[in-house]
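A lone chain, given as structure tokens: the form predicted on its own.
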């Protein structure tokens, strides 16, 4: 058994146990204090890291390229993989952020039975990552209905597209037989399980995986699983939850420090998982969400044949050129037999001409 994912799993189970036992006795702690601290940690941590990245100088032009750079007009260049304009960089970044273009072209090396190296496309990794991120985004947008009143039409539209057999009237849904089935929640759980199994079953990926890689996967798995339990199996009081979230977003909870009665401990487990993920986010690899926008390998133009990249670390300094050095020590260098660009006689003749 892998000690890294076992320790991460144990940490998530301990968090669930703490919320299950502590929430009924201290609902204000798990329903008010912990969410506020998590959001504060998230905002401050992300801001500090982004500001640190933005202040970092880029001494070299280091954009990753995958095609011919623009040079002569009669040589065809790759405008996207080797962008020479800001507009091409925007297109490249959009393809990377929205479709994971570089991950789609990622390959995995393996040894064939004949002893030869072979490269295979990792299409399932790309599909799993794409499903995970878009399902997470859809779930996050859907949950905005708990923080807004009235609920905007765009969020209601996303909910209706995401669900089956559901007709929406104001805030309360009319359901036919079963609750509306949200595709995003099920896809999110399936995708995160796939990403976890990939880390466990592939020996090379398992070798480089640490506890910090498994912990957010188990957290997200717990968030999706508890959400599905509350949605389809263990019903919770949505009115009380809506009241709590509205008090949190309007800061009324700071004045009263009261949590509405009737909220299930399962919801507090769900909330603690979300709060832990928020607080953990700025200090983990999950910060690639913000780092992709500030990565010089992606956001720089590859136009080094047209524009000279100037190192921003350079600053004006007083220099002593070789010509000045030779003028100062020419006689001594000549006597020592050192090579000179201008011999002493030549310098005397040039001074006479002047």
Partner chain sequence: MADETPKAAQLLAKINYTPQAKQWMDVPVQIRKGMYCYAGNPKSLEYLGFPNARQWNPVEEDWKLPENWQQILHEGFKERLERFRSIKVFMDICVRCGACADKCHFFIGTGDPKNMPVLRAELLRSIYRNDFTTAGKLFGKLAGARPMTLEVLKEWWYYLFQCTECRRCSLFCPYGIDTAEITIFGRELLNLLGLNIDWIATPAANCYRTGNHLGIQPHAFKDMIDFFCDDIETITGLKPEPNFNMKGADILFVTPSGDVFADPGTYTCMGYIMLFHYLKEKYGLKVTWSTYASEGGNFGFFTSHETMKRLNAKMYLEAKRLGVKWILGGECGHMWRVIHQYMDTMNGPADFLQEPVNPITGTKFENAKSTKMVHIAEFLADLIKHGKLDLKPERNDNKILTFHDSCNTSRGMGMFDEPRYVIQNVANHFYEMPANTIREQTFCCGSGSGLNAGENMEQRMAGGLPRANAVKYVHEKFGVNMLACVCAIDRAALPPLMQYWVPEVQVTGLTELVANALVLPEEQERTTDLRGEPLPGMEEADE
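Take the two forms, superpose them, and find the largest set of C-alpha atoms that agree within 1.5 Å; that set is the rigid core. Model, not experiment: these values are computed from the prediction. Numbering follows the first chain given and starts at 1.
Absent from the display: the form predicted together with its partner chain. The rest refers to it.
| field | Contacting member of 75, 123, 197, 98, with respect to its partner chain in the predicted bound form [4.5 Å, heavy atom] | value | That would be 75.
| From the list 279, 131, 103, 193, which entry has a heavy atom within 4.5 Å of its partner chain in the predicted bound form? | None of the other options qualify; the answer is 103.
| query | Just one of 220-228, 184-192, 199-207, 265-273 has heavy atoms within 4.5 Å of its partner chain in the predicted bound form; which? | reply | Only one stretch qualifies here: 199-207.
| message | Under a 4.5 Å heavy atom criterion, is residue 85 part of the interface with its partner chain in the predicted bound form? | response | No.
| said: Residue-level question: is residue 291 within 4.5 Å of its partner chain in the predicted bound form, judged on heavy atoms? | reply: Contact check for residue 291: yes, within 4.5 Å of its partner chain in the predicted bound form.
| query | If you check in the predicted bound form, is residue 29 within 4.5 Å of its partner chain, heavy atoms only? | reply | Outside the cut-off, so no.
| query | Does its partner chain come within 4.5 Å of any heavy atom of residue 62 in the predicted bound form? | reply | Yes, residue 62 sits close enough to its partner chain in the predicted bound form that at least one of its heavy atoms falls within 4.5 Å.
| Are there residues in 309-341 with a heavy atom within 4.5 Å of its partner chain in the predicted bound form, and which are they, in order? | Result: 309, 310, 311, 313, 314, 315, 316, 317, 318, 319, 320, 321, 322, 325, 328, 329, 332, 333, 336, 338, 339, 341.
| field | Large Cα move at residue 14 between this form and the one not shown, threshold 2 Å, rigid core | value | For residue 14, whose C-alpha is compared between this form and the one not shown after core superposition, the shift is less than 2 Å.
| task | Align both forms on the core first, then report whether residue 324 has a C-alpha shift of 2 Å or more between this form and the one not shown. | result | Comparing the forms between this form and the one not shown, which are aligned on their rigid core, residue 324 does shift its C-alpha by 2 Å or more.
| said: Using a rigid core superposition, assess whether residue 75 undergoes a CA shift of 2 Å or more between this form and the one not shown. | reply: Passes the 2 Å threshold, so yes.
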